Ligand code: HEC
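Next comes just one chain, in structure tokens: the form predicted alone.
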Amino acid sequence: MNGINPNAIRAFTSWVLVLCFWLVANFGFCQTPKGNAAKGYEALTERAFVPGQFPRSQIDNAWKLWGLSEKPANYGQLFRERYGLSEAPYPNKGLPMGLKASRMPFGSDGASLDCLTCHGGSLLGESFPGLGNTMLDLQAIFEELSTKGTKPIRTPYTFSNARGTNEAGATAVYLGGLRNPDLSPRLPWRNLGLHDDLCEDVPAWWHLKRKKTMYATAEAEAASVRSIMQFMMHPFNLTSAFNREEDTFRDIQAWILSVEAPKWPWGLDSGKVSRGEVVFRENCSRCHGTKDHYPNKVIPLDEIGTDKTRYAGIEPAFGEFYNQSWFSKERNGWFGDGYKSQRSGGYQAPPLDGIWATAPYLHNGSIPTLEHLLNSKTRPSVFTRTFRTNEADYDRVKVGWKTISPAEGITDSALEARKIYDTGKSGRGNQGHTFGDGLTPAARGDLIEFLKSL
């Protein structure tokens, strides 16, 4: 072999393979969009991907369920406030962001939920596609807008237990139970482990570009397009719709990857920011990364210590269905076929870009501000808030939403009860993530000032 040592070749090849695996494990594949972001935004804001879920007549007349004698002049505003929706920052046929005009299954005018129901929030009074919707009452939407009468319907499972959170995992499990692995419809419904007490806080879309895995539990590949199509398992969607719309959702994914975190809109103390960066690097960067490097780190459940309900609430039966289904068979490659779901053993420490805009905190939204997050002794056990997002509702010092002590009698109706966040209830624990408890008040203040700058 012209003097070349075969053992040296094998050693070099092995070293290259080890290096490749190390790079993948530590840095992941760069999340670069493969679709057209402009087309993705157009599809996201102009099209419905499931048949109508709510009669348009019921949307126009929901005030009759509210106990009002006549339709108020500011009905659009009251509608948005009641259900936790924001004004659409794009033409939307008179509907708020999160509802899309769509024909009902038998042809009448209606509307359906879309991605921006949960992923379209409001910040300082401005609508913000890509921000988690922390005002949303998804349970009220389904109870009051699905009916054609004057009484709320009974839903097959709970869509939301605490306002501002939802049961997205339960929705995937429920809809999956109505499909075969090839996504053809099936009856009767199969229980894949339905739990509707997971209390999920919606993550910001601008984080996805930095992540290899998504969801609080890191159970899905961030590169997957099909994973973000699970809501299309609406029983009246034909199986052919999934293949037909995959390229559209590749464009939508490209737009998601283009979303940038909003900048802190008020002044910063440069001295505190500099000192806070030192505190951050010493205490936080190992898990959350820096501006230049994100480690995609999953923290074991016992180490992070936060509520385990979300992790345990997606059972292996649903993972098996997902891994046998169309959703997991997206690509072929050297490292295996498709994007399989996986058990991670913990919760993923998210990137912190724009963290000031993503309150409340933890995967279940149980902690209203960064001050509470970094000093566990101050966390309220029961609280509510205005569920408005104006400047007056935001706490610039503690960084998050101002809290209010629940008023006597607020639990007289289910609608009002969902406004109360009770950390003693299932899925809503505010324990864990006590890594800031050992900081001095000065160091904690410096750290918070630095976090504002991200």
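Don't overthink the numbering: it's just position in the shown sequence, from 1. Quantities reported herein were computed from a predicted structural model and do not represent experimental measurements.
One more form of this protein should be noted, the form predicted in complex with heme C, which is absent from this view; the next part is about it.
Quick one: does Tyr347 come within 4.5 Å of heme C in the model of the complex, counting heavy atoms only? Yes, Tyr347 lies within 4.5 Å of heme C in the model of the complex.
In the model of the complex, is there a heavy atom of heme C that lies within 4.5 Å of any heavy atom of Glu260, even though the partner is absent here? Glu260: no contact with heme C in the model of the complex.
For Phe327, is any heavy atom within 4.5 Å of heme C in the model of the complex, or not? Outside the cut-off, so no.
Consider Tyr215 of the chain shown here, and say whether it contacts heme C in the model of the complex, taking contact as heavy atoms within 4.5 Å. The answer is yes: Tyr215 has a heavy atom within 4.5 Å of heme C.
To verify the annotation, which of these, Leu138, Val173, Leu99, Ala357, has a non-hydrogen atom within 4.5 Å of heme C in the model of the complex? Selected option: Leu138.
Just one of Leu192, Ala223, Cys115, Ala254 has a heavy atom within 4.5 angstroms of heme C in the model of the complex, so which one? Looking at the other structure, the residue within range turns out to be Cys115.
Whether Trp264, His372 and Phe383 all lie within 4.5 angstroms of heme C in the model of the complex by heavy atom: Spot residues vs heme C: no contact at all.
So which of 143 to 151, 201 to 209, 318 to 326, 238 to 246 is the stretch with heavy atoms within 4.5 Å of heme C in the model of the complex? Selected stretch: 201 to 209.
Are there residues in 294 to 308 with a heavy atom within 4.5 Å of heme C in the model of the complex, and which are they, in order? Sequence-ordered list: Ile299, Glu303, Ile304, Thr306.
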